[in-house]
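The chain that follows stands alone, in the form predicted alone, written as structure tokens.
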């Protein structure tokens, strides 16, 4: 199955470390950070799971739920969580999907044969409350994810939804944003009464809260 940005995220019922969930029901009215990792009891994955747990309040502030996945069992996940908590000085509260038969990993194209025939690569899906996939990122097994970037893109998408704007390269919260070319100056006067800096007719910068 090929998944694209803008698609409705595939639904599933699955066992997790927090019990059986229906994915769409579990997301509810929240955003979702859905990420896979190659295997339990591996070093890079341990740091990533720990970092997700450490950032729980940051995700909550963005109305975003976190959920992990690897092709291991609930029993293995629960044992590994003890190690994650101990070595990363945190407390993993979010669910981890058990996918030993690779059903969800295959559904979401998380297994790349050049990396492994059984382990999921480091895939990220950001899903909005309408269950639409808004962002996809895939990292090789040897590269840990940049969680500053994950939070940044959530901030960008939520701000874009609120104000109908785009964000420039290397944007950070509080920085200037871009008025899309599809919005004429006449319409922009009502939408952005604070004004803007027009560098080109297609490149207009403004600030929003």
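Values in this document were obtained by computation on a predicted structure and should not be read as measured data. Positions refer to the first chain, counted from 1.
Absent from the display: the form predicted in complex with a small molecule. The rest refers to it.
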| item | value |
| --- | --- |
| Exercise: residue 45 in contact with the small molecule in the model of the complex, heavy atom 4.5 Å | yes |
| Partner proximity in the model of the complex: residue 141 to the small molecule, non-hydrogen atom cutoff 4.5 Å | yes |
| 4.5 Å heavy atom contact, residue 122 and the small molecule in the model of the complex | yes |
| The small molecule contact at residue 38 in the model of the complex, heavy atom, 4.5 Å | yes |
